[in-house]
Ligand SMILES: O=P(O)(O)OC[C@H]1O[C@H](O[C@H]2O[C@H](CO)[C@@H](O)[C@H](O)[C@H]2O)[C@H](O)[C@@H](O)[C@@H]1O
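Just the one chain here, laid out as structure tokens, in the form predicted alone.
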Amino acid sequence: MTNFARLNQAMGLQRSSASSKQKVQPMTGVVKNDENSGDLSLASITSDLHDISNPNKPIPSDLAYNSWVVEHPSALGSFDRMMKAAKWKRIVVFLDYDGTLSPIVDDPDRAFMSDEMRAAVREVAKYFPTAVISGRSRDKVKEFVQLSNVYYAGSHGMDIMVPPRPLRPCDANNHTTASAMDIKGSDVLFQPAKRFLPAIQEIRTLLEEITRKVEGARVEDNRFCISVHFRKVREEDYGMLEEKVKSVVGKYPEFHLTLGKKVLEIRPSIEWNKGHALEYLLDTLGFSNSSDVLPLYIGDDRTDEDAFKVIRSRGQGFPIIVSSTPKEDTKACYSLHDPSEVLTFLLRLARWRKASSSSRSLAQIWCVGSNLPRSV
């Protein structure tokens, strides 16, 4: 077989046919493919072709992505294997918003999710407890999603609204105090960074002042964190903007600066992130220590890595990264290319659950005294 033919054959490992070309072994629910399975891998083939043709020529980015997908197989191509591992388990769905349920856009106020995506999330939430964990303010992400059958966690999990339940052990472990828990109607509002609100508003005012003179910069108040968007900022102005933001943050030692996708974020320096939010939601539902619960988390940014790490540490679950480029340092086990593939995956998940329960009533499938249906 020629190198060109071998390369074309290897391209079958990309997203549309991942399930037939790669071996994915379940590890108590966290499924990772075996890079040594089979006679040839895309990495070895591209390396071989690269050496023979021109050792000084870089491998094209699409080949790099396809090689990366061998290590982080498509959640669509691996769907049947994933659901096989999920049999008799309880799936809980966690979703990021920007870049996952909606595309990344220049104007953050116009990051609207499609009607099709909203319908898919609504359908998934019929069968699985579903939460959206976003860096946006909780009110903003709820305004975008517009669904009443999902949980919302804003400000990277520092602002969570959940149904009322008795306090559980992790509340004390995660520094929950009476001032951080408020009852709003029939719901419980969990805000571990509530004491930082006055300082956050001071920081927001200062950032708005210094960014007025930077064309394209925009400050977004996410309640418990502040975002400075620079997607529209000229490249030559970015360094100046970053220095201005750092000068403000430097005045507040209890805060720190992080970098996201074309955004600088200022957050309180507390032991809390999206991974903690995932754990808190599982605990609130009463399943933090259940061995038969599989958390499924789909996200696209650095902040989602904290949730991926939690799932990996549990030894079971499905951490899925949304990316069209290789992310070598990700803790995700699976990948989806873009929000359109997220849509397809969610629809397929809902159809799978609906089909699996068609022979049994929901009353039979739901566990007695549990919020979570078992997957069958």
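We number the residues from 1 along the sequence you see. Just so you know, these numbers come straight off a predicted model, no measurement behind them.
From this point on, the text means the form predicted in complex with the ligand, which you will not see here.
Checked against the ligand in the predicted complex, the residues 118, 231, 246, 126 give one hit for a heavy atom within 4.5 Å, which is 231.
None of 108, 77, 268, 275 but one reaches within 4.5 angstroms of the ligand in the predicted complex through a heavy atom, and that residue is 108. Partner contact region in the predicted complex: 134 to 142, out of 134 to 142, 233 to 241, 118 to 126, 195 to 203, criterion any non-hydrogen atom within 4.5 Å of the ligand. If you check the ligand in the predicted complex, you find no heavy atom from any of 89, 279 and 314 within 4.5 Å. Though the partner is left out of this view, residue 256 does not reach within 4.5 Å of the ligand in the predicted complex, counting heavy atoms only. Interface membership of residue 97, defined by any non-hydrogen atom within 4.5 Å of the ligand in the predicted complex, is confirmed. Contact annotation for residue 227: at least one heavy atom lies within 4.5 Å of the ligand in the predicted complex. Although the partner is absent here, residue 263 lies within 4.5 Å of the ligand in the predicted complex, judged by heavy atoms. For the partner-free chain shown, 220, 222, 227 of 206 to 228 come within 4.5 angstroms of the ligand in the predicted complex, judged by any non-hydrogen atom.
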